[in-house]
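Just the one chain here, the form predicted alone, laid out as structure tokens.
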């Protein structure tokens, strides 16, 4: 077996901010903002507390950088949606499937959601920027697809605010898993959940004769 290549000091220095952000995420998830100590973050990385402050001047700035760092997948998801093709229905269901994978199934995003909910009152400006930068573009994409589907006759006429209702089941599943973990809300079967979700979304609850 070939020996692992030892990284250079320059490479280690370049990696350090990401290592600190990864460690900060785990500590903030475990302890919350108020209970997190910068020295515990430093211990996870194997550096001194002073090294953390070299890259992030305060715990508040470290928290903000951590939220932004772990929100990048939302931007990547938006980029994926731009390449989707097919009918409005096909693209809408594809986006919702991607959102389910990113929010409900991904542990990091679930815990990020927990932090946004729990600590939002401390950082209202950060949470507003987070929503505007990472969440609003996805909601706008869903809005646009619904309006496109209405125009093409694929969807019935509905208020544009309907998009928040469309995404709600994914958020509900995520919050319930955060509250109960697997004690009362077992990890849902992805295919079964999406099939029931899409059926309810597209067909509603009323029987066809009503």
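Values in this document were obtained by computation on a predicted structure and should not be read as measured data. Residue numbers count along the first chain shown, from 1. Only the largest set of C-alpha atoms that superpose within 1.5 Å between the two forms is called the rigid core.
The form predicted together with the DNA is left out here; the points below concern that form.
### Message
The chain here is shown without the DNA. Which stretch in 163-171, 44-52, 66-74, 141-149 comes within 4.5 angstroms of it in the predicted bound form, by heavy atom distance?
### Response
Of the options, only 44-52 has residues within 4.5 Å of the partner.
### Query
Given that the DNA is left out here, which of 38, 29, 158, 176 has a heavy atom within 4.5 Å of it in the predicted bound form?
Only one listed residue qualifies here, and that residue is 38.
### Query
At the 4.5 Å heavy atom threshold, is residue 16 in contact with the DNA in the predicted bound form?
Residue 16: contacts the DNA in the predicted bound form.
### Query
Using a 4.5 Å cut-off on heavy atoms, what residues in 64-85 are near the DNA in the predicted bound form?
Nothing in the stretch sits within 4.5 Å of the partner.
### Task
Could you check whether the CA atom of residue 34 moves 2 Å or more between the shown form and the other one, using the rigid core for the fit?
No.
### Query
Core-aligned, does residue 54 move its Cα 2 Å or more between the shown form and the other one?
Comparing forms between the shown form and the other one, the residue 54 CA shifts at least 2 Å.
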